[in-house]
Ligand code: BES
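Before any questions on binding or motion, here is one chain by itself as structure tokens, the form predicted on its own.
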Amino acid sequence: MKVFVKNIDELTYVCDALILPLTEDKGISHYRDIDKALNGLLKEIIVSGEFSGKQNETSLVHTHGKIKSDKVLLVGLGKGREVTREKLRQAGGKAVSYLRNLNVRNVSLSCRVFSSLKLMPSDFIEGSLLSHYRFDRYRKEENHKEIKSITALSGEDLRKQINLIKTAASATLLARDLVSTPANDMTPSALVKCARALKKVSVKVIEKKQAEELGMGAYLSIARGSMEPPKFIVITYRKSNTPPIALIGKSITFDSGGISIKPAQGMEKMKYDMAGGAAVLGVMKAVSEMNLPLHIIAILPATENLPGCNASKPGDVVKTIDGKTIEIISTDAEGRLALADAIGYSKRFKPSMIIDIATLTGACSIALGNEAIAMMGNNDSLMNKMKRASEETYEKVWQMPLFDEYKDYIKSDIADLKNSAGPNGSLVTSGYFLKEFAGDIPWVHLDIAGTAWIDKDRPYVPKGATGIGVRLLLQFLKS
């Protein structure tokens, strides 16, 4: 969907549908000229109680040629004093989803109400772009409904804000596409192709033999059951001479659980276990397009986790790149094995900070549902910055504790660590496991297991892959 900004009056702009955002308390006060042209139809709808302006409420009006737009869509923002950037995103998503189902092609947006709310129309448009998504690569579909363009009718210069939200939305949709792609096509090798398609970055792929020479025993233990070759992907973006930010995304392109196999029900969704890597690729796409003055080392330890004849077994002991040994209690706790070697490898670049993002634990969903990312780390300042980025994007994070006592939970009788402490505290003990490898480097862990996939449509997030983490990390990096 293309986005334009034009300084044209709503009454004279030709389009299929004109969106008028309204608050409960102000009603049509911003649109009296449009209501007059429509012979008082807007006021009549409100007086009748058909539309009140409640959050995400919609009402469609056919103009019958009285103005240049064929239709007018009223969309509610709620009470004016309670309108937030997130509510604008939701209203934008709701409006565009409604119009797309009517097979509308070209849409305009009145921006009159936004200045009175001291908010930007870019948030409304961001919700519109994020909602206008569907993954239909594998279906033959007739009468495909798609909005071609949305035009913001405003006298303000919104180009900078619009370009930023277009870039962030495009990166989020890329992440959604990658996660939605079936695992037979989204292999570790396919992730390499995605990385190499990025601009303004250099890409290095550490193949299995080199990974063995480097001592990545934890990461390689996951790959042993699969015929797909593992690919340890390192992406470098350098627009600054400062120490790099290490950005690590779990990239298990399919997770059966290995020998500790998962239940069959719902296993098809485990193609989403590379959602952390997808988010990192989306972030790198956006960072390069924005030309942010940063130095980033992005790492995707990509492989499949399958129960082949050569697969790792519970009880095996593996050695990581930094020399620590790990007893494998569960082969379904594989993500932390990959991240351990990825964190260890990242330290050779002497990063200023390490951020990892991963669909790491089922316990994250149990604790927080589909509402928040579980955040853990060893640096309060870094986590506070992530919280502020969360507030801006509404990709919510919730800080979990990493008490020193959790170290006892992951003690092994025969190795330095074990990769699973069992169900007791499994969300936080997985974080503490990673803390052992981050050491003293400022580090934040983001567990997106509960938020990377949803089973019900939301105002600007259709059910399925969410692309969570892209907008959060972009906001963090920009600030």
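Residue indices: 1-based, along the sequence shown. Bear in mind that the values here come from a model prediction, so they are computed numbers and not experimental data.
One more form of this protein should be noted, the form predicted in complex with this ligand, which is absent from this view; the next part is about it.
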property: Contact residue in the predicted complex, from Arg336, Arg176, Lys271, Lys285 (heavy atom within 4.5 Å of this ligand); result: Arg336
property: Contacting member of Ala374, Leu360, Leu74, Ala195, with respect to this ligand in the predicted complex [4.5 Å, heavy atom]; result: Leu360
property: Every residue of Lys350, Asn379 and His445 near this ligand in the predicted complex, heavy atom within 4.5 Å; result: no
property: Candidate stretches 97-105, 122-130, 352-360, 384-392, one within 4.5 Å of this ligand in the predicted complex by heavy atom; result: 352-360
property: This ligand contact in the predicted complex: Ser420, any heavy atom under 4.5 Å; result: yes
property: Partner contact for Ala449 in the predicted complex: this ligand, 4.5 angstroms, heavy atom; result: yes
property: Contact test in the predicted complex: Ser330 vs this ligand, heavy atoms, 4.5 Å; result: yes
property: Exercise: Arg134 in contact with this ligand in the predicted complex, heavy atom 4.5 Å; result: no
property: In the predicted complex, residues of 233-270 near this ligand [heavy atom within 4.5 Å]; result: Lys250, Asp255, Lys262, Met270
